[in-house]
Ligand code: HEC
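Consider the single chain below, provided in structure tokens and representing the form predicted alone.
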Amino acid sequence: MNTETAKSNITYHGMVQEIITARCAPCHIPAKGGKKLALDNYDAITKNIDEIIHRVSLPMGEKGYMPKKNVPLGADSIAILKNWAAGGFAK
């Protein structure tokens, strides 16, 4: 599968939501208020995707690394997030 095809096949409901729900809960899902950024819906994810990608790409232990105190996201999951953003945020 080429990169353009991969980008066009990634959707929020098909892949991205699953990654965010599995890896960002329970801290960011459901929205709890306070200092934790709510990542419980499509609009929140699209608005913050650059920051999300930046933080999950940091080395474990570096300030700002997410998911804090948990195993890093795999390269495949990070690529899905990047390709989804590059492909225009398909729902």
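For every residue, the number given is its place in the sequence shown, counted from 1. All figures in this text were calculated on a predicted structure; none of them were measured in a lab.
We do not show the form predicted in complex with the ligand, though everything after this point is about it.
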Residue 24 within 4.5 Å of the ligand in the predicted complex, heavy atoms:
yes
So, in the predicted complex, is residue 10 in contact with the ligand at a 4.5 angstroms heavy atom limit?
no
Decide whether residue 73 counts as a contact residue for the ligand in the predicted complex under a heavy atom distance cut-off of 4.5 Å.
yes
So in the predicted complex, does any heavy atom of residue 36 sit within 4.5 Å of the ligand?
yes
